[in-house]
Structure formats: structure tokens, C-alpha cells
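The data below hold one chain only, encoded as C-alpha cells and taken in the form predicted on its own.
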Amino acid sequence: MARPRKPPKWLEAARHRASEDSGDWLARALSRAGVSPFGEAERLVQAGRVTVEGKVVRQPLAPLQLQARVEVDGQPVDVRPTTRVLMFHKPAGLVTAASDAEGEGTVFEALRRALPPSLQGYGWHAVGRLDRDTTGLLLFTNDERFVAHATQPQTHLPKRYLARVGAAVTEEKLAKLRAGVEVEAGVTSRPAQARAPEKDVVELTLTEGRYHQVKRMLNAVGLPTLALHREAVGGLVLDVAEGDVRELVEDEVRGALSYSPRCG
């Protein structure tokens, strides 16, 4: 008989806290606040280096009221959540995962190398995914609510891609993409914006993000993908060099990404 799987940490934490609106769990609050990345925050707590209201707490999943007085190594820290969002220009070859069995590297490793010291202490979540061979705009955030906002289909946040394809682009094929095509048995994509800036390049704007969707849509109309690049999400257009990162300002998060950020 298979052994029961251990519940994920987020589920364990959810069982410990009464409401995310009124509190959090200790290690995640430290990570969100930029004290240290999540794994390191867990170790800080377990080592007895964190106090809450003057008492040492050694349980990383301990519930935390966000107005509580928290100190690390005797120094006060503000654990009230503040939304931070990063724009990263993903190079080809990296996976959007915590580890890479093939050894080419992950987006998280590349992000850490590019971050300034002031942003190194945060726990960053990738907002959606890009395939290993896909380049372009990838967002990161310390706010799980923003991840849900930007990736759920109901938001309809557009994502614009440029694809170099291995066949001639015709108006007939573009019309099919605009109408929606079957990407798997019984599943049709939403209508997309599609145009051909060059004879072997398709610019495709989607409001959904199924697995390998761009490649499957293009393949469905006889346009095999040779290279794929994401250049925009919402009203945000990629403006940093490959491998570089910058933090978005609040107006970009509110306007270009239609999200009301947490402000501590």
C-alpha cells in the first residue's frame, strides 16, 4: 500500500491560521517582507532567532497576526505584506521550476544572480511559466494573490508572443487563429489576436494560458514553431536586456497589470 503523501506546506499553514486577511504564518511573513528567502526563514525560526511579542517562536508555520511585534536577532522587522513585482527577461535554456534535472539551470537561479542586494531577501514566485526554449517576459512576485490574479482565466490578462514558424503565414491561417482552434480533443482555444509582421513570423495575443498553448495553436494551423518569445503581459512591454531584471513601480502594477497591490 502506498504511503500517504505529506500535505504541502501551504495547506499545513492554512490549517494553522484563521484568516489570511488578518494574519499569516511566520516563515512566509518573513519571506514576503524581504527578511530572507523562505527556506532560510524556516531555519531562522527553528534556530530560535525570531521572537514574536518578545517570545521565541520555533515553529515556522506558527500563525502570526500582522500587527505583532517581530524581531530577528533582536532587531525589529516589519512583516506587513507589501506587493513587489519584478520583470525578468528569460533567456532560452532555463526551466521555470525549482530544479533542473538536465543541469542547464532554472529561472530562479538566474533571477538571484541578477537581483540587487535590496531584493535578495524576498521569496519570489514565478507568475506562470515559460518553456525551456521560450524567451522573454516572465514576472516574479512575493505576493501569491498576484500570481492568482495574473494567471486565472477570469482575469483575461492578455499575453503577446512572437513566434518564428517553419512555414509560410497566410491570411487563412491567421483567420483560424483569430476564430479559435482545437488545441486538444474537444478543447478549443479562445479567439486570439493574430497578425504576421513578417512572412515567417506570427504575433499572437492570448487571454488564456494552457500548456504549450501557443505552439499547439500554431501547429493546429500548419505553422510549426521554431522559436518563441513573449514580449508583453497586460499593458506591460518587456524593456530589459536578456538576463536582466527590474522592479515594477506601483503605477505599472495597478495600470498595466490591473492589480491593486498590498501596501503594508
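Residue positions are given as counts along the sequence shown, with the first one as 1. Computed from a prediction, not measured in an experiment: that's the story for all the values here.
Omitted here: the form predicted in complex with a small molecule. The next part is about that form.
Student: Could you check which residue among Leu177, Ala150, Leu130, Leu139 gets a heavy atom within 4.5 Å of the small molecule in the predicted complex?
Tutor: So the residue touching the small molecule in the predicted complex, by this definition, is Leu130.
Student: Identify which of Thr207, Thr51, Gln213, Gln65 has a heavy atom within 4.5 Å of the small molecule in the predicted complex; exactly one of them does.
Tutor: Filtering the options by heavy-atom distance leaves Gln213.
Student: Within 4.5 Å of the small molecule in the predicted complex, counting heavy atoms only, one of 213 to 221, 54 to 62, 27 to 35, 40 to 48 shows up; tell me which.
Tutor: In the other structure, the partner sits against 213 to 221.
Student: Should Val233 be counted as a contact of the small molecule in the predicted complex, where contact means heavy atoms within 4.5 Å?
Tutor: Heavy-atom contact with the small molecule at 4.5 Å: absent for Val233.
Student: Verify the contact flag for Thr134: yes if a non-hydrogen atom of it lies within 4.5 Å of a non-hydrogen atom of the small molecule in the predicted complex, no if not.
Tutor: Result yes; Thr134 sits at the interface with the small molecule in the predicted complex.
Student: Quick one: does Tyr161 come within 4.5 Å of the small molecule in the predicted complex, counting heavy atoms only?
Tutor: Contact check for Tyr161: yes, within 4.5 Å of the small molecule in the predicted complex.
Student: Would you classify Leu228 as touching the small molecule in the predicted complex, given a 4.5 Å non-hydrogen atom cut-off?
Tutor: Result yes; Leu228 sits at the interface with the small molecule in the predicted complex.
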